[in-house]
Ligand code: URA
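Below sits a lone chain in structure tokens, taken as the form predicted on its own.
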């Protein structure tokens, strides 16, 4: 391992055998954390070639078990988002695409910092299980067409170890390590194709579109090098997606969308864009646009919502909380934030709103922190909306007045009101196919 650290420190490329050694060592714990950390920092400083990234991803995916989904005849697809605020798209996307005839094995993660995690949102539903073994995942995919679960100790275990060390060593943003982490988990799912949602803006990993596009190109290129069909969409994350930020609140958002509510136009646009590509790549539509139209029809018919109910029930969740939003967790204390003057909402900074949600109790800054599933924000206004003085911009929910005060301190700096309406900005910025 010492030789491999020195090689990468000096800018030399690793062979496939060397990368397999590193992945196996990370999975087995046979190399000290300080040596793996040193190697990660060397990669962060020196980078990797595309062939190296491909082989590292393959080695990480092969470091444990893989799902074996060959018994399922329908095309198997998943979606991955690089993370944002209010980005509960997966909650609606998995059942929606499954209703279109695809199989969706969706391995998801938990929130950390200002971004939320799909698993945390799902666990806001009473009884719902996300810690499922591979033996438990297959029957649910067969009966429902979709299953949403966390990374197990046997699926891509090298990634579990390396991700923990990256988080602790300031190497999270290294492009080859980001790519290998994302794609190794997806490769372990036995997919036929993958759609990526690469966020751009204040609430995203990369605030600069050029850097986000570079990451997207590396993800797509590496996926193709692994034989996995892949498309990446760059989507805006300057303001939160949709109207809700918080775990139970984002469950409510997904339910409303699948029941035909069109008020959250940006959320719906991203949902249909990602889903349209999944349906197209899965051979159920001639084009992504046709795929989006198909999914709109499934929402209008109510079939997509029924599929969500089946998914939740299959994983042990209380379906009554979907049918009656009043049964979902909701923090007792609330505070309305009024517009200080009239005008147009010209800025709603996604990162600051996400940080406000964390202070309210909806997120965690360390993995050991507990969550208040009912905490968060309801955004009554979005960028471009006209507001009158005293009109409610957002409603904050927290456990007590102290939490509300902390959340308000952050949210107060998140918005701006201007005399002129801001120029309309697209939500889907670019597609890399």
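Predicted model only: the values in this text are computed from it and were never measured. Numbering follows the first chain given and starts at 1. Basically, rigid core = biggest C-alpha set you can superpose within 1.5 Å across the two forms.
One more form of this protein, predicted in complex with the ligand, exists but is not displayed; see below.
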Each of 118, 122 and 307 within 4.5 Å of the ligand in the predicted bound form, by any heavy atom, yes or no? no
Since only the chain is shown here, I'm wondering whether residue 351 would be in contact with the ligand in the predicted bound form (any heavy atom pair within 4.5 Å). no
Close approach of residue 239 to the ligand in the predicted bound form, 4.5 Å, heavy atom: no
Is there a heavy atom of residue 81 lying 4.5 Å or less from a heavy atom of the ligand in the predicted bound form? yes
Looking in the predicted bound form, any heavy atom of residue 90 within 4.5 Å of the ligand? no
Could you tell me which of 327 to 335, 92 to 100, 180 to 188, 264 to 272 sits within 4.5 Å of the ligand in the predicted bound form, going by non-hydrogen atoms? 180 to 188
Only one of 72, 319, 314, 205 comes within 4.5 Å of the ligand in the predicted bound form by heavy atoms, so just point that one out. 205
None of 138, 339, 112, 228 but one has a heavy atom within 4.5 Å of the ligand in the predicted bound form; the exception is 112
Which residues within 144 to 166 place at least one heavy atom within 4.5 Å of the ligand in the predicted bound form? 163, 166
Superposing on the rigid core, is the CA of residue 160 displaced by 2 Å or more between the shown form and the other one? yes
Cα displacement of residue 67 between the shown form and the other one reaching 2 Å, rigid core superposed: no
Superposing on the rigid core, does the Cα of residue 393 end up 2 Å or more away between the shown form and the other one? no
